[in-house]
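Below you'll find only one chain, the form predicted on its own, shown as structure tokens.
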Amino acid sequence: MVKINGTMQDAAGKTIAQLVEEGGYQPTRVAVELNEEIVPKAGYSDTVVKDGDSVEIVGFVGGG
């Protein structure tokens, strides 16, 4: 199980890119933290989450 934005999910073995897509986020408008470390956008397709990992996906919203 992987903790994604505070919710436990069966996501072990998926890439960050897959989690971003499944969450309905636009990859260019998010920041992703894996185990309290920022994941560079270039690493989204190569970074695979494992059981026990914690992922935070934060979407940016424009406005003012």
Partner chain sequence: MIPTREQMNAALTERHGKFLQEKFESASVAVCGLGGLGSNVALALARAGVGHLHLIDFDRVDISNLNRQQYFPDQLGSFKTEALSETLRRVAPYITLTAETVKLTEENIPSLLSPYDIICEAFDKADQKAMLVNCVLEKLPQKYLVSASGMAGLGSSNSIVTRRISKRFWLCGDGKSDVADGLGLISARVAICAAHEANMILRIISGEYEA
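Predicted, not measured: the structure shown is a model, and the values here were computed from it. Residue numbers count along the first chain shown, from 1.
Only in words, not in the display: the form predicted together with the partner chain, which the text now covers.
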| query | finding |
| --- | --- |
| Distance check, residue 61 to the partner chain in the model of the complex, heavy atom within 4.5 Å | yes |
| Close approach of residue 56 to the partner chain in the model of the complex, 4.5 Å, heavy atom | yes |
| Heavy atom of residue 50 within 4.5 Å of the partner chain in the model of the complex | no |
| Touches the partner chain in the model of the complex: residue 24 (any heavy atom, 4.5 Å) | no |
| Non-hydrogen atom within 4.5 Å of the partner chain in the model of the complex for each of 1, 10 and 14 | no |
